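What follows is one chain in structure tokens, specifically the form predicted on its own.
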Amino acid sequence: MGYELTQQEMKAYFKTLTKQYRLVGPIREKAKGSFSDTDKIVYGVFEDIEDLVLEEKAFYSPKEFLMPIRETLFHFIDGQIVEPKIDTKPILIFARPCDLNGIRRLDTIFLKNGDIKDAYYERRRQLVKYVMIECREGFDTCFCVSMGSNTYTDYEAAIRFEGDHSLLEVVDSTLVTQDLSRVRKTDFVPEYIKENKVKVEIPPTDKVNKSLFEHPLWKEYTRRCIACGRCNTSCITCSCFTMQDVEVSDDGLLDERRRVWASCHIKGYTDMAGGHGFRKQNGERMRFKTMHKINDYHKRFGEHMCVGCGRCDDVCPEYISFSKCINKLSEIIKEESHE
């Protein structure tokens, strides 16, 4: 069912939704940007439609509402193991198609990646519904069309913001509130961006071979990459974490086990007992990430892990472009195939 709502009607609708859901979407955090007196756009809880920021790309993705940056899995209390309770109020995430496709890939990693599901991820995932924000133009660094992530249809609702009014498609009947019975009905079908400014050519998986692992391309990234991990933490599909056992009380009676975001780029992630470590060079880490995003994951699940949101390009302090890295790899494969 489609609806056309004025700004005031939409505010009333959102207010009703907050009684049942935590609304999550791109919002502005004042003076929390990378430089003095700059803002940062992040995914956070909001209550008013005017809090949503649509003209700028969010610095981070919404994945922390499914996979918190730091999550306590259980407490050790005087010899017993106790799982902490979580906020069970349902969440309504307002996000663009690329991010919703990204969450679907997280679902694959945590829920469809073998016989055992990740129970901690699943309990949060079951609380989440989606409102897809229609995206017809994208941003300068997006390449979602190349990655096939520019469309998304498995949502509970979709919305188009147009100045002083909004168009809403509601698929989930539980989101049809009394507020919608009084507004104008309309036929609304969301549209999608068809062409990005940035275009990426994905190398065929059958052309990726071991010879590429030693290519000088990766040495370039050893010189440039500082292994800060910003590309990983901003990425919607990066799902790596590390485990920590933390002593909470001085008497040793209260401890907890946490999982914390980690990543292939951050120093120490592949270190093992005895001092052995894999991928010590930053270029090797870039190679691992690239192959995983556009090759390994595809071989296992039939689609690329990268969704082309372009956040990694946006946040890199060394101006390393992942989209250009993919294109460079494709060119190298073409050159080698003609030799």
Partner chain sequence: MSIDRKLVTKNAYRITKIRNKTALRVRVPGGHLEAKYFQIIQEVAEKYGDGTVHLTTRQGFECPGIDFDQIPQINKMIRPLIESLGLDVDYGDGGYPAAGTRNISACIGNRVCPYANDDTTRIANSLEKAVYPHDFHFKIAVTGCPNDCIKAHMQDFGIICLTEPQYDSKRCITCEACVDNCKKKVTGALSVKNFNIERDIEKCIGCGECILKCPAGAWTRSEEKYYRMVIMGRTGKKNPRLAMPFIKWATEEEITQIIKNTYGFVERYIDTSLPKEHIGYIVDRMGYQVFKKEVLEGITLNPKALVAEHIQWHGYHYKTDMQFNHEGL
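Worth saying up front: this structure is predicted, and the values here are computed from it rather than measured. Numbering follows the first chain given and starts at 1.
There is another form of this protein, the form predicted together with the partner chain, and it is not shown here; the text below is about that form.
Candidate stretches 286-294, 50-58, 270-278, 33-41, one within 4.5 Å of the partner chain in the predicted bound form by heavy atom: Selected stretch: 33-41.
Partner proximity in the predicted bound form: Trp261 to the partner chain, non-hydrogen atom cutoff 4.5 Å: Trp261: contacts the partner chain in the predicted bound form.
4.5 Å heavy atom contact, Ile69 and the partner chain in the predicted bound form: Yes.
In the predicted bound form, Leu127 touching the partner chain (heavy atom, 4.5 Å): It does not: once the partner chain is placed as it appears in the predicted bound form, Leu127 has no heavy atom within 4.5 Å of it.
Asp87: touches the partner chain in the predicted bound form, heavy atom cutoff 4.5 angstroms: Contact with the partner chain, no.
Candidate site Ala95, Asp140 and Glu303: all three near the partner chain in the predicted bound form by heavy atom within 4.5 Å: No, none of Ala95, Asp140 and Glu303 comes within 4.5 Å of the partner chain in the predicted bound form.
The partner chain: the contacting residue among Thr153, Gln244, Asn209, Ser181 in the predicted bound form [heavy atom, 4.5 Å]: After the contact test, the surviving option is Gln244.
Single option in Ile266, Ile202, Val170, Cys225 placed near the partner chain in the predicted bound form, where near means a heavy atom within 4.5 Å: Only one option qualifies, and that one is Ile266.
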